[in-house]
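Okay, here we've got a single chain as structure tokens, the form predicted alone, with questions on binding and movement later.
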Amino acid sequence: MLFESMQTLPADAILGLIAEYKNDSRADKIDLGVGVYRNADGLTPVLDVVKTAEQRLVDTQDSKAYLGTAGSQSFNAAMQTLTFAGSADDARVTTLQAPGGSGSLRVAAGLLLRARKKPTVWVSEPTWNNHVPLLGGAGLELKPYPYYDTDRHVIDADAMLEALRSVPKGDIVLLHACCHNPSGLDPTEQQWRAISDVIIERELVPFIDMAYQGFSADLDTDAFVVRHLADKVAEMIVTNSCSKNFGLYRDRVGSLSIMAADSKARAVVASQASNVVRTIYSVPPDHGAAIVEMILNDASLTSKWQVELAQMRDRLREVRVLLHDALKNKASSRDFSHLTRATGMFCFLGINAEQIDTLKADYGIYMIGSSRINVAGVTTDNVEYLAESITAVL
């Protein structure tokens, strides 16, 4: 039999948690695991500006014919501008539309495997839980560099810089542009400059995953490291996701930008990347990208989008303070200040596996085993119960 030697694999930690939460009948249950934005009502809404663009698209789109392997050129140009804002030489950059940030990462992995026989990518410890299986599963060799101090809940910048200084010249370094997942803690501008200096000195290739642009400070500040390095390195890879900042999770919208040494190398890279796409999914899906393209190419829609994006960002900041203050009131001996120092949707709560299991079993509070939480699951209605439950297990 063809499949008789195969073994059942354990469910993905987050996907398995979603199923457990769904099957929990308790009315006061709280989901802090799934990685989507939620509003004050606990819903993941379709942005009003997305609805407007979507209706306009329905009214005007006259074909569902295939896109090319690189996707919509207008979308790509708009995303390239959103990413680099003129900081990179357009003659050296090629941008492709991709099915979400994950699709963008997978195409980048395929391209790296064609560029070198045994490419090594250095990733932060910790990193997004799908970076390792996605990139490693594609065939890249992954090695960790220090990032997060779990005892002090800060970035261990000194250890990170020391490790990067020992990375072999020419290796690839994966960086989170902003809203580091899972810690929520990002380097300061001064730290980014120091990291960039090491990258330049060691001739490392920056591979920057920008999945949350606009969720930390603003669209420009969140892209600082991308734009800072753009005119200082010969080559760079940037992956983008539109899942969070446009709320287009299920529509799978992302982009991949590759900066080459010159225009001749850019043409080669563009042809290779398009061929990688052809061997994986042939052409990218259109609908969500067409919405983003319409929003970014219409000044009025762009303005409305930025307002809604700011509202999401402000809510995440507010609930961090809300949870911190509730915990400070109920568990004053424990320092939870890192909740307010982190940005975006994620951070580590800083409790152990036994406490996490008890929260789920006794209180219906769900988070993954590392204690990474999505603060978007916190509301004014549940924060007191959540703080009381966390305090009970400390």
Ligand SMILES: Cc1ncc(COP(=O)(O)O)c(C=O)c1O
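From a predicted model like this one, the values you see are computed outputs, not experimental measurements. Just count from 1 along the sequence shown to find any residue number.
In what follows, reference is made to the form predicted in complex with the named molecule, a form of this protein that is not presented.
Q) Of these, Ser183, Ser257, Ser243, Gln213, which has a heavy atom no more than 4.5 Å from the named molecule in the predicted bound form? A) When the named molecule is considered in the predicted bound form, the option within 4.5 Å is Ser243.
Q. His131, His324, His153, Arg202: which sits within 4.5 Å of the named molecule in the predicted bound form by any heavy atom?
A. For this set of options, the contacting one is His131.
Q) Is Asn76 close enough to touch the named molecule in the predicted bound form, meaning at least one heavy atom pair within 4.5 Å? A) Taking the distances in the predicted bound form, the answer for Asn76 is no, it never comes within 4.5 Å of the named molecule.
Q: Considering only heavy atoms, tell me if Ser102 and the named molecule come within 4.5 Å of each other in the predicted bound form.
A: Yes, Ser102 is a contact residue.
Q.
Taking the named molecule as it sits in the predicted bound form, is Arg266 in contact with it (heavy atom to heavy atom, 4.5 Å or less)?
A. No, Arg266 stays farther than 4.5 Å from the named molecule in the predicted bound form.
Q | Contact test in the predicted bound form: Asp222 vs the named molecule, heavy atoms, 4.5 Å | A | Heavy-atom contact with the named molecule at 4.5 Å: absent for Asp222.
Q. Taking the partner as it appears in the predicted bound form, which of 223-231, 175-183, 284-292, 192-200 has residues with heavy atoms within 4.5 Å of the named molecule?
A. Heavy-atom contact with the partner occurs in 175-183.
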